[in-house]
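As structure tokens, one chain now follows by itself in the form predicted on its own.
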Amino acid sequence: MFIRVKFTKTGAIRYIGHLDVMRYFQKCIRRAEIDVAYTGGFSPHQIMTFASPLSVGLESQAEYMDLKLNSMTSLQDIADALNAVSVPEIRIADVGLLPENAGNAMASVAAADYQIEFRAGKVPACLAAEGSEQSALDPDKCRAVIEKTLGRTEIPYTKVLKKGERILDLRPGILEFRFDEETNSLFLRCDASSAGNIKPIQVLESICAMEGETLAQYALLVTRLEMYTRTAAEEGAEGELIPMIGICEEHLA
């Protein structure tokens, strides 16, 4: 059987890379005495798959990991056992039982939600409140820039690769973009699939470039809020976006 685990990654743990997170969970699973399945051969390893890796420095409220188990008592027992051996910055938020025909976490990611804030003194002038010394967002400026951005047919971004540069069009990958009054931050829902994956920093760098500015180094404070997969699409239509845990036959939350 396969289960999907939703977990948070906050605080100092945001500076831990993806490979170290994998090793961390391998140890946690052994300490929690979870009956995880292993591959065969001379070097067996736990059968686990992670969704889209989180960039170093970003926090997240919704990371996902799929595990193959030989047996379990209940989903709640899995969550409790992992939380009992985990650090406070990584908490199990939900556990679900995957249907037999479900794709793995990495292949299933379609989109992601992000909350975007700025470090003090690094808010771009096109978004900054007057007299705040570029430390606070101006809601009216944010809405105007977002409206202008969404009104464009193309949003070019130059991606530097090992073999040169590539011009990407970010506009098709921006699914929702708005100013969030409750958190006084920017909300972005964007393509997170393997084919069209875009990142919040790419969007903000492109906006600044179109406004004649340069985004300051280390300006952003980004939190991933949720990751989505798509339901099966009907002919001539695109599948509906649902949270990654939403395809589970049952889950805790």
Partner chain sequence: MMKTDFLALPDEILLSIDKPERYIGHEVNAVVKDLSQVQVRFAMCFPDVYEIGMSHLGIQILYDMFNSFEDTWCERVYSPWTDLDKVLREKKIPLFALESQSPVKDFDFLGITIQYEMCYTNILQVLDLAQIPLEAKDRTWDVPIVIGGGPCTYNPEPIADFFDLFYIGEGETQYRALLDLYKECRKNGATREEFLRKAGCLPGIYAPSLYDVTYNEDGTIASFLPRFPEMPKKIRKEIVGELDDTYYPMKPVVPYIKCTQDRVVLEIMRGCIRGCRFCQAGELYRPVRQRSVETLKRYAMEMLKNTGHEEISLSSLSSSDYTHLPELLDYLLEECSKRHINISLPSLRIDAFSLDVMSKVQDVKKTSLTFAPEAGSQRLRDVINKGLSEEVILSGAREAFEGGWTRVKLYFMLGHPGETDEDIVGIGDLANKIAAEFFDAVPKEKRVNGRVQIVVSTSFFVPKPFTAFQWAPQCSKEQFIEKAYTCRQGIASQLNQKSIKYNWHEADVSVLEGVLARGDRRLCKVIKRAYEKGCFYDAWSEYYKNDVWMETFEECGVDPDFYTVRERPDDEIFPWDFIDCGVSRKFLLQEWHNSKEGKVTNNCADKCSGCGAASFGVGICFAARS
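This structure is a prediction, so every number in the text was calculated from the model and none was measured. Positions refer to the first chain, counted from 1.
There is another form of this protein, the form predicted in complex with its partner chain, and it is not shown here; the text below is about that form.
You can rule out all but one of 61 to 69, 31 to 39, 206 to 214, 222 to 230: in the model of the complex, only 31 to 39 has residues with a heavy atom within 4.5 Å of its partner chain. Think of it this way: in the model of the complex, its partner chain has a heavy atom of just one of V87, A107, I167, L150 within 4.5 Å, and the residue is V87. Put simply, I16 is close to its partner chain in the model of the complex: some heavy atom of it is within 4.5 Å. Put simply, N184 is far from its partner chain in the model of the complex: not one heavy atom of it is within 4.5 Å. In the model of the complex, none of the heavy atoms of E240 sits within 4.5 Å of a heavy atom of its partner chain. Residue contact check for Q26: one or more of its heavy atoms lie within 4.5 Å of its partner chain in the model of the complex. Heavy atoms of every residue among A12, G57 and K122 are located within 4.5 Å of its partner chain in the model of the complex.
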